[in-house]
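First, one chain by itself in structure tokens, the form predicted alone.
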Amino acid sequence: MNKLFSSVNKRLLSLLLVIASTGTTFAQAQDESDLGKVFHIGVFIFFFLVFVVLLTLISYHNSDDGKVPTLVKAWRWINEKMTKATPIDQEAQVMLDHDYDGIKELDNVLPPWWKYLFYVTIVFSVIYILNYHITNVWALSEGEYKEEIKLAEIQRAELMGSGAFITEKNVTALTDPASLALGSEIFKKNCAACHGFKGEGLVGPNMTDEFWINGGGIKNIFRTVTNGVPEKGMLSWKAQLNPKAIQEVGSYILSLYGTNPPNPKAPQGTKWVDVASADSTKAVVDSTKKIETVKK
């Protein structure tokens, strides 16, 4: 008997855990677009709970122990009401005058549980039609598709705003005043400590002349800012700045060329010639103008 109650308690504990998980699922619903998903999950969990309860009761249905739990007694009573099965010793009362090769036909009533389930499907169909086809509370597949498209457009716009699609290969220099102003703010906040507020160079090199240690041009600057130069003490900024911000500060750095700030640091690196603007028959780097100084 103790084993019987112990087994029942274990099953009840399992039910409580499932119910708790159901509450968590409903709590995670963010807006009305999640209600459809929550409904389907809730229906699944409901039938799962019913299945577990029935499995527990059926396991003790045929128990010979006279001291069965009250719950099992109730189950037996419900089972009789829901099936209305004719006892074997009373089958003669429902026997029909049909005999097919020794197979006799009984006039049993349709099980009430089957009829009730059929009624439930009718009610569900009404709810389904009202919500999906009349009031449109729940979206059809086409509606869900359109909602996902809208969400994707919003996410794409956010990614575009953060410059997620900007890479070293496709980055271009910005020249509009708004972008340069943003780049200036980023430079003063993050770069001025090493390069000076006017790009004249302090610990880091002068950003206003035509000599570069890691290559000039927006693509090289974008790569340098993104990955940093660890061996020279410059950290990578990709964790602090998104690609759009790096493009903006890189464009601002390019705009500093030729500004001739006071007390500029001596040139470092190699004179940079932009391939796009240089004659294709000429070398990109003029080796005769290489400056022999301490590199970055």
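From 1 onward, residues are counted along the sequence shown. Just so it is clear, the structure is predicted and the values come from calculations on it, not from any experiment.
Keep in mind that the form predicted in complex with a small molecule is missing from the display, and what follows is about it.
A residue is said to contact a partner when one of its heavy atoms sits within 4.5 Å of a partner heavy atom; Gly201 fails this definition for the small molecule in the model of the complex, lying far away. Among residues of the shown chain, Ile253 is one whose heavy atoms approach the small molecule to within 4.5 Å in the model of the complex. The closest non-hydrogen atom of Tyr257 lies beyond 4.5 Å of the small molecule in the model of the complex. Mapping the unseen interface onto this chain, Ile166 falls outside it, with no heavy atom inside 4.5 Å of the small molecule in the model of the complex. Checking 146 to 154, 207 to 215, 97 to 105, 125 to 133 against the small molecule in the model of the complex, the stretch whose residues place heavy atoms within 4.5 Å of it is 207 to 215. Exactly one listed residue, out of Asn190, Ser184, Asn79, Thr86, brings a non-hydrogen atom to within 4.5 Å of the small molecule in the model of the complex: Asn190.
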